[in-house]
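In structure tokens, one chain follows: the form predicted alone.
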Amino acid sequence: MDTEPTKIPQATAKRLPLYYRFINNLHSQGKLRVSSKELSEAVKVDSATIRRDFSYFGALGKKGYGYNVEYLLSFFRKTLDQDETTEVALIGVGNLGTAFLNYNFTKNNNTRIQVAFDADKRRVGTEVGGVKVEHIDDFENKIENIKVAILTVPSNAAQGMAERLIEAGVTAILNFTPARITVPPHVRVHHIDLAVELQALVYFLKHYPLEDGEEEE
């Protein structure tokens, strides 16, 4: 398992956790091997794309045999750092933030929201999903060693909050606000605007209908 390249396409990287989840389920069921066709049907990614994704990591399977489930599980655990827990800070405990805390990535055993922050005194000091809500004014003193943050604050507070996060050492932000925040080159931001995603879905529904049996990648 030392064939992992230093860099793979981002589209492939985004699919790796999807593969890992299904392979982990297969392993729990005691299945020993899986074909690219079976993977394709389960994760809704075509077989050719799966084979191409896996090819970036060398010979993960054998023609005519498929993939060894235990080997794939071990490989993806290492690749996705599943043996290390990533602690996350949540900024903004409104409706969306509360949903995140109640869920707290229960299906991803290496990711956990460790601390949450809000400016509303009615929320500060309470626990949501087992996580204590701290006041945003105490933010810099409470996120030592945390490098990842989820941003669910009002749009007009997003840029300022992002700057505070970066100043405190955060290098990865999952931004759920409509604001397109600006960050230094060493910080990675993933913007997820739910309204935009829904509008795009409706547009594709109307103008690019899928054929029977076809799946979007």
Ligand SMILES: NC(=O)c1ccc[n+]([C@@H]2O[C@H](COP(=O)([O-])OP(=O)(O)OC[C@H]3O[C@@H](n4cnc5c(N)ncnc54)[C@H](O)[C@@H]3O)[C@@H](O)[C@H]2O)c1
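Because the structure is a prediction, the values reported are computed rather than measured. The first residue of the shown sequence is 1; numbering continues from there.
Just so you know, the form predicted together with this ligand exists too; it's not on screen, but the next bit is about it.
Across the options 85-93, 124-132, 140-148, 72-80, residues that bring heavy atoms within 4.5 Å of this ligand in the predicted complex belong to 85-93. Heavy atoms of A119 reach within 4.5 Å of this ligand in the predicted complex, making it an interface residue. The closest non-hydrogen atom of F176 lies within 4.5 Å of this ligand in the predicted complex.
Heavy atoms of L194 reach within 4.5 Å of this ligand in the predicted complex, making it an interface residue.
Though the partner is left out of this view, A157 does reach within 4.5 Å of this ligand in the predicted complex, counting heavy atoms only.
In the predicted complex, every residue of the candidate spot (F100, I136 and T152) has a heavy atom lying within 4.5 Å of this ligand.
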